[in-house]
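Only one chain is shown below, in structure tokens, and it's the form predicted on its own.
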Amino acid sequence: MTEAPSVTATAPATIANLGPGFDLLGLALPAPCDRVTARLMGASGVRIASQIGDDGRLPTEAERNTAGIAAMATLRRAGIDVGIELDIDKGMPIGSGLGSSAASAAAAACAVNALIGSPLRRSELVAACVDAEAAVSGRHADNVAPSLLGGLVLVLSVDPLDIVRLPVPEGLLAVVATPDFELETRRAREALPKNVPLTDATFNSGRLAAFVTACFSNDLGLLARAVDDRLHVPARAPLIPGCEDVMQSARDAGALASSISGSGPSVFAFCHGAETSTRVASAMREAFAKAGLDSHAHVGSADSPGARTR
């Protein structure tokens, strides 16, 4: 019996916000990744055939799963009515602040698009994945855009979608420490202030402008000063045991800067040099341990590829 045509795609974890760019900045990581296989089936529509790596916690109904929603949105935007089965392999922890739902959506959209002949551009796939993210964590693109496109992105607008690719300073490394502690995105969102003082808004605007300038000028010193925030980090840090100590430990160990990854609880640091990155990763894990949490760390290039088929 001939097997149905299939395509497998992987999509990486991401760091959102990057300090001053709340819902605006996102960066692809080399790992961890989600993997989705899309396969043609007889009946029309999208069906999730299998899902592993989630301990049975995520819905397997396509209309409630970000991979399923992204697959349906991809077919709809392509104007193609076929049947698709998905096999989902969650390589990322849930509720980690690394864009787990976005990675599933990106991998599914990439796989489905390739399976049907790649009629959609990557920017159109981002729009399909925004539809998926809206179902679970709000309508934003700071995770799905870098997970699909790779590298560093600035989201100017979601509706209409307007994404700008930013250059990554040469040799920049990202360290991410993820504790064995889950922080639901909705809870992290609810912690945000409804109003912010004008001085805090001005502070973040200046840091965001400095961040973009540092990227284009390859100025790591300016980048270090730019990764600061008064909008979301002060509200979310108390939700993560040891968060302030982890960020300070990273800086004390030689990191250029450190902040919360997305909604948390993962914490990231920017570094220059492999030796420094290794030292920073150990310091961050030690700080989490002092707060009573086991953790694991990833170190890799801050200029990593996005979703890809194999």
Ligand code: HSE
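Keep in mind it's a predicted model, so treat the numbers as computed, not measured. Residue numbers run from 1 along the displayed sequence.
Note that the form predicted in complex with L-homoserine (HSE) isn't included here; everything after this is about it.
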{"item": "Interface stretch in the predicted bound form with L-homoserine (HSE) - options 140-148, 121-129, 84-92, 108-116, non-hydrogen atom within 4.5 Å", "value": "140-148"}
{"item": "Contact of E286 with L-homoserine (HSE) in the predicted bound form (heavy atom, 4.5 Å)", "value": "no"}
{"item": "T66: touches L-homoserine (HSE) in the predicted bound form, heavy atom cutoff 4.5 angstroms", "value": "no"}
{"item": "Contact test in the predicted bound form: S263 vs L-homoserine (HSE), heavy atoms, 4.5 Å", "value": "yes"}
{"item": "T185 within 4.5 Å of L-homoserine (HSE) in the predicted bound form, heavy atoms", "value": "yes"}
{"item": "Interface residue in the predicted bound form among R207, R230, R77, R189, criterion: non-hydrogen atom within 4.5 angstroms of L-homoserine (HSE)", "value": "R189"}
{"item": "Partner contacts in the predicted bound form for 207-236 (non-hydrogen atom within 4.5 angstroms of L-homoserine (HSE))", "value": "R236"}
